[in-house]
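Alright, two takes on the same chain below, each alone as structure tokens: structure 1 and structure 2.
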Structure 1
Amino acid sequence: MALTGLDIFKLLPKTNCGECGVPTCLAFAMALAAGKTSLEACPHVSEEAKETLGAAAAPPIRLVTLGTEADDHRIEIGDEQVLFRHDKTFYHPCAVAVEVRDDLSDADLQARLDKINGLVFERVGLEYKIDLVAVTNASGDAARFAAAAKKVADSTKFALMLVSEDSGALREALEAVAARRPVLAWATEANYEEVVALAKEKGCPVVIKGDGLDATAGLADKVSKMDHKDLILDTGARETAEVLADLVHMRRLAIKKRFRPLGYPTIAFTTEEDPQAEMMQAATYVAKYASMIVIRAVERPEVLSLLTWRQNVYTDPQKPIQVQSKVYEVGEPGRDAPVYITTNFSLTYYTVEGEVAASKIPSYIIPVDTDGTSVLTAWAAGKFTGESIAETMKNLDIESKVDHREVVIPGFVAVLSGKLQEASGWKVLVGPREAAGIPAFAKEKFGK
């Protein structure tokens, strides 16, 4: 919980010396609470006050970075501020780790790595990919674990994670791949002193696993006193409803109470054997607060669906995703292909694109830059006008791509027809109001 001005006042020297530039300590405390000044301005503040106030200013959930700069991509987890995405947004997408067991044969391990390395997808103009490869010590053998870790490190650009409860095995594997700064799992009540020392020595994030919420908080508290703060929390729960409850508890306590022992990113492990059922289980964790998940599925459609879900949940509700304003081709449009106009709000564009594709008539689509607003919103805001559409058509030189001079506009902005015709010299066809009407419309107007 953020400190109030009065809470802060109690920690100040109360001398009213004025050296901070504010006449009284109380006024300074108020300014601090409002974030208008910083504690450094007070030359007489005690060390104790600095520590207390510094901690209060820290984010409710610590930001933890995974991997190294040399990895495929930068991963940051934690540092969330709200319980519901509609309250603001979720900031750091749940990192997805895919498991590789160290008891696989060399050939199987390589085959699995090849699949994992391929878990990169192109969709709606974005690249979706997994984030880490988690090597698990299924064999129980330290040398084998280290060899597998080495092999994985050599064969993937994704960040690494090492999973074992055996601190000796973790040490051996970490020696082999320390340069990759793997996430270490798990530090438990039994081994935390060794595992955390190891993590600290190599600067690795470490997963704390307790037996339940209370034990996890206790363990995290002890570990933070060892001066290692890059922690990730695992309450040990594995049943879906239990994991959900624990993830909710941790997020609520961190955000609403600033409860420090649980103010770290969280991790969930799936248990469903069937890859499709596993993705359904993972969907709950992605939606409800896991900062990281470990999955086993490597099947492309399954993983694509999960990564799409993650993308959707972490979309900023305040900033609509936009597509670039350019001429898009659906199918292989010829010189007689229809030309559709829409806006560059991603959802609008892809809905139109889907329906144009469903019409099975190769076409061009031109999304006009409306700052990512939908057709009606853009029109109401004056961002979607006859002039702006004509200008976009001209700038993108659609004239050179087709022989005809007919353009289709959304039915909701039929009112723009006259202006557009005037400004562009093209004949304007008023399309359906809803994109769903496009196939029938296209069949009637352009079908042969």
Structure 2
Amino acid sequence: MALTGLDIFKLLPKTNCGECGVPTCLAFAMALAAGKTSLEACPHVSEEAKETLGAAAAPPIRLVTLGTEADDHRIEIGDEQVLFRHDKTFYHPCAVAVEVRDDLSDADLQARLDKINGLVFERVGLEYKIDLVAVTNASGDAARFAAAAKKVADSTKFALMLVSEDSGALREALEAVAARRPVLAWATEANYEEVVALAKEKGCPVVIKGDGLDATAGLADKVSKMDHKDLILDTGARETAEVLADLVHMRRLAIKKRFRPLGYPTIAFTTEEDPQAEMMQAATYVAKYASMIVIRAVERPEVLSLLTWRQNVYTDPQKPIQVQSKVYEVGEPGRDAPVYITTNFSLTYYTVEGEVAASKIPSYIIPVDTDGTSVLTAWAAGKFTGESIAETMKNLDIESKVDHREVVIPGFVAVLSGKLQEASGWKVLVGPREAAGIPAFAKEKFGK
């Protein structure tokens, strides 16, 4: 069990120096017990106390790193501090793995890998992509499993996961791809000693699978005593309602009760046959509270819907997605190119950018820094004014890029035209209210 605030207080120096950021050692102890600070914040704590307080100072859910620098990217999962993101931001997005079975023919395997490599998307200036490829030993043949793992490793840059309850098959496949530091699944009650020894030998994270919450907690406790901490928990449940209940219980027990045997990242596997139903199932697990999911879908529209949902869940709700405030070029604008003004809210900018591109008239776009708010919101808050627009135009030196002195503002803020013209000295053209009207507007005003 986790230490209480009073337990921690007894081990602190009791100087009440305030150097930790709170006025008293008791307040610091309470904050440490609640996971709101770290032991390193106390400059006077003894080494003996550090050792004793290690469990209390550790995050409620362990941080586990997947993949290597050689992969397309390293992935961090776990280390979340709260149940709800309005309490504190979620920091480590749920990792998405796509399954590849080793019983596919060579042609089908290659076709599936080609689709997996295409699961990289650009949306509102952000890159969305899957994180891992999970190679499953569906054939039961260790040699075929190893060959499939090698093929996947050679054909993709995503991190890898090896899925089999046969420790011998895991060992053979791992030998083929050990440099990629794959996740090993599963360590069960029957094989955990062999699988965990293999994971320790190669420095790999391991998925432990129990039969329900109690069995999973017991197995995690046994594995942690083998001095291997990079664990991912699987309760063995596969029905959506049961998986959801287990994920919520594990998250609550880890964060609210500091129950260490369940203080690890979690994993869920989709089971729905219909791709749309599978994405709904996966979206449920992303929301509450899988650290990693394994899906079978590989079609771009289906996977994009899941990755978009994940981005929404793991975006700081208090910090809108923004683009940098600078001069953007659409096409190859010359010195007579139109200049459009918008805000730096990412969705607003990319909506405008898409319509400007659709006009087929090369142009400049200047997003004014409004702390990532939309046009009307920024105007209502006093962040999108004639003066701020003029200052941005001056700071970005748009005058050096064009010979004319005309600028286009959104139609919804036509009221700014007088102030902007006065502040900048430029002629202000009032554009359409909706971005969809930009192509027709541009052809009428700037078409030749």
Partner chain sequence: MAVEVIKERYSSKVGEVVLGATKAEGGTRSHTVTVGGDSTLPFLHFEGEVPNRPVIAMEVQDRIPDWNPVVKKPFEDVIGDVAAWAEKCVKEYGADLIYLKLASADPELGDASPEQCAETLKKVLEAVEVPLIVVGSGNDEKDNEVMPQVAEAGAGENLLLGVAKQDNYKTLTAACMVHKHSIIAQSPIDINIAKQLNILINEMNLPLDRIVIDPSVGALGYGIEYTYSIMERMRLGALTGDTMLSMPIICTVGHEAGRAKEANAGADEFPGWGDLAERAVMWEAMTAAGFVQAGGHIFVLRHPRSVELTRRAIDQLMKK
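As the structure is a prediction and not an experimental result, all values here were calculated from the model. Numbers follow structure 1, counted from its first residue as 1. We call the rigid core the largest set of C-alpha positions that still match within 1.5 Å between the two forms.
- One of the two isolated chains is the form predicted on its own, namely structure 2.
- After superposition on the rigid core, the Cα of residue 312 moves by less than 2 Å between the two structures.
- Core-superposed comparison between the two structures: the CA of residue 363 exceeds or equals a 2 Å shift.
- When the rigid core is held fixed, the Cα atom of residue 388 travels less than 2 angstroms between the two structures.
- Aligning the rigid core leaves the CA of residue 414 displaced by 6.6 Å between the two structures.
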